[in-house]
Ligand SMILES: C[S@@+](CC[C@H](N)C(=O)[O-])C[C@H]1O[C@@H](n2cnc3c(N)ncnc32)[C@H](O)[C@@H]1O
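Let's start with one chain on its own, the form predicted alone, as structure tokens.
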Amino acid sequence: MSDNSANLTQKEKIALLPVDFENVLGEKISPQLSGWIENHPFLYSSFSRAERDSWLLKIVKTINDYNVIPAGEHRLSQWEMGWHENLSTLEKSKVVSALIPRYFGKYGAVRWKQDLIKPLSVDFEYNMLAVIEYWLFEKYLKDVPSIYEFGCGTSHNLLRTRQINKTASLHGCDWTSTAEKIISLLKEAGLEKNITGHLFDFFNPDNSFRLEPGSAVYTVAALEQAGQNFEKFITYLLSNKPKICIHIEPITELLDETNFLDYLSIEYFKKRNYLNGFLHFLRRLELGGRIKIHQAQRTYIGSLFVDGYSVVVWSPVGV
């Protein structure tokens, strides 16, 4: 996204500061993350009533649009094509920025604290997700020997884990062959050496693919594609007993149905067949003594259509 702040007065520009993120995340963040936020401007402005209404109308029309394609197994070819665009750019440029998925910054509105705001800074939406990731990766991934991202796509998130953990072996798992090709190119270009790609399908987990002992697992807006078909994957994880599992995903159970924007987010989850009943399922596993849930909270950060970056962190009992 280009910088749209040139024609606004200083009074109309608002900057998100480290304390603003601490308020929504519910705890202090590290000095390192505070410094990163200060070095990556989060400038935005408020919408006029007419502008906000226009975006709300777009959301409602999309929810009611019969042509919107739900998530699911049938979309494999579309994800292959999407990641191939990033692969082609990486082949030409050999720079990490080529890995940023094209859907970031697609619209001129994002969600912040149950409202819509107008991003002004470059990569505002992408960097909002980065704050969540750095926060969680610092808490849980600093000392693990192996890190697995399931649904890794372009591996842009995995490269962020490297900034937190310098020695872990990185594993990118995805159902697209293009994701594996991206990882191979990252190694060839010298952008990341200690990384391996694996074909892996949430809908049909390969139980012969075993995780290294003491490993960490995470997903970022990827398990959402499984809809209600997530139990096989969780069973797979339970059998492998990773040290920690982190999910940054759309979680209906953590939103407020009495809030209009949250309600629209939930309706969009339904429209796209995103995760449904995931946290309830994990809570049942916890009641049964099989897992321990360490965190389950929303971040109040999202894209135009969804408040989709809620956080659930858990681990199998007995690890």
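Residue numbers run from 1 along the displayed sequence. Note that this is a predicted model, so its numbers are computed, not measured.
Keep in mind that the form predicted in complex with this ligand is missing from the display, and what follows is about it.
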Option from 145-153, 160-168, 117-125, 239-247 whose residues, in the predicted bound form, bring a heavy atom within 4.5 Å of this ligand = 145-153
Would you mind picking the one in Ala216, Val220, Ile182, Ile195 that has a heavy atom within 4.5 Å of this ligand in the predicted bound form?
-> Val220
Though only this chain appears here, would Tyr107 touch this ligand in the predicted bound form if you measure heavy atom gaps against 4.5 Å?
-> no
Is there a heavy atom of Phe230 lying 4.5 Å or less from a heavy atom of this ligand in the predicted bound form?
-> no
Taking heavy atoms and a 4.5 Å cut-off, does Gly82 contact this ligand in the predicted bound form?
-> no
Phe203, heavy atom within 4.5 angstroms of this ligand in the predicted bound form = yes
Heavy atoms within 4.5 Å of this ligand in the predicted bound form is the criterion; list the residues of 174-195 that meet it.
-> Asp174, Trp175, Thr176
